[in-house]
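The data below hold one chain only, encoded as structure tokens and taken in the form predicted alone.
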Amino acid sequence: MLGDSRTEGAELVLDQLRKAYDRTLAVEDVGLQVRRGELVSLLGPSGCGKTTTLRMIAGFVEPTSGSIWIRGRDVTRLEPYKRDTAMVFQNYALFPHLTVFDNVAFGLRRRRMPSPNIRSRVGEMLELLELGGLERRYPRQLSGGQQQRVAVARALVVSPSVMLLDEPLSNLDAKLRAGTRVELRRLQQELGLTAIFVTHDQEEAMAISDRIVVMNRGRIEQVGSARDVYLAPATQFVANFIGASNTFSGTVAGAEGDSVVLHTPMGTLRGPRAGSANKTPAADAPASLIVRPEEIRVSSPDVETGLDTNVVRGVVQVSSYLGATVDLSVRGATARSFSRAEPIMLLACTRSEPTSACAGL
């Protein structure tokens, strides 16, 4: 079966990977190919199986079934140090009694590299990560950002086939985190690294990844680029988890070409059909339309739109100014509290148009 999986350029292959703890299935039938030089993020809420999957790749957790292949070699039962991987942990896991130099050199010494080569290689890594001059410091003498870069240098110095990163930016403050992820992405592309990046932060995954693997309850919900998972979510879970969204629930009124018409409590809405274009949804079947905030325009109720679909009326309950956007919490026209706020009309457009308004319907 794996003859097709070990294709040229596939640095890492996960084949039907499963992990069960007693009666709990933490990871279920995960299959994935990662190309050479690609950064793939495992994204999902806590408990979705992303870290367990990463730790199985690293060799710290043994799969219940399935297999792991790196550069065409089955490493499923190999010990971690024999897998040609390197891991950056969430808490960095630096040795507190070792200097920066010795922390970075640790893996090379385990591989019995000659001392002159170690000095040269570690020096290159420290300069690359802008850690020059910090060789004699201990982890306690470094800032959080510096510790993170030491952890990355320690992983990079052994030139792994696959680099594994377990939420390595989560301990940094927001500003430093944003800057560090840009540097990490630049470094990954510059060195042509194959990397698996675990995060629960949607923005982080979208900013740094070639592809995103969205996981939920141990299974993969969708694999695709940031644009794919945002604009064409495969499931309602993905639509709700990736970015902000407004959900209109109702029943199917009919299909028109590639669109589906829904009757909802807030009016008649039309949206693109999810899944196979050849599948006609059943009349009166329950369905939901997901609308992104940037696809909504806000207008006063006395404006004539000339539209009979994708227009809903409501009342602003809360308006929050967020700088680049204004977040509006809206109740539908059937709400009883009309006197509490200003009536507005929301136009759910069928095309994407940038707007400063978000609507929480």
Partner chain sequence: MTLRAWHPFRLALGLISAVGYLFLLAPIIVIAGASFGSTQFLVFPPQGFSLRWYEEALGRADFWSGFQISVLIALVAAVLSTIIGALAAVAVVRHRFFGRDLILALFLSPLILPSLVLAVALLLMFSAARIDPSPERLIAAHLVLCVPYVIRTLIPVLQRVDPSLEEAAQNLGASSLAAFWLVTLPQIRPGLVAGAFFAFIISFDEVVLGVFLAPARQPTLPIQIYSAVQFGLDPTVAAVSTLLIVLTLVLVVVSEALLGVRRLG
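On a predicted model such as this, the values are computed, not experimentally measured, just so you know. Numbering follows the first chain given and starts at 1.
Keep in mind that the form predicted together with its partner chain is not shown, yet the notes after this line are about it.
Trainee: Just one of 186-194, 93-101, 213-221, 235-243 has residues with a heavy atom within 4.5 Å of its partner chain in the predicted bound form, so point it out.
Mentor: Single hit among the candidates: 93-101.
Trainee: Residue 179: heavy atom within 4.5 Å of its partner chain in the predicted bound form?
Mentor: No.
Trainee: Flag residue 199 as yes or no: does it have a non-hydrogen atom within 4.5 angstroms of any non-hydrogen atom of its partner chain in the predicted bound form?
Mentor: Judged by the heavy-atom cut-off of 4.5 Å, residue 199 is well away from its partner chain in the predicted bound form.
Trainee: Residue 140 near its partner chain in the predicted bound form, any heavy atom under 4.5 Å?
Mentor: So residue 140 counts as contacting its partner chain.
Trainee: Would residue 169 show up as a contact with its partner chain in the predicted bound form if we use heavy atoms at 4.5 Å?
Mentor: Flag for residue 169 set to no.
Trainee: By the heavy atom within 4.5 Å rule, which residue out of 86, 208, 289, 131 makes contact with its partner chain in the predicted bound form?
Mentor: After the contact test, the surviving option is 86.
Trainee: Go through 297, 35, 313, 55 and name the one with a heavy atom inside 4.5 Å of its partner chain in the predicted bound form.
Mentor: The residue in contact is 55.
Trainee: For the heavy atom contacts within 4.5 Å of its partner chain in the predicted bound form, list the residues of 96-127 involved, in sequence order.
Mentor: Contacts from 96-127: 96, 97, 106, 107, 110, 111.
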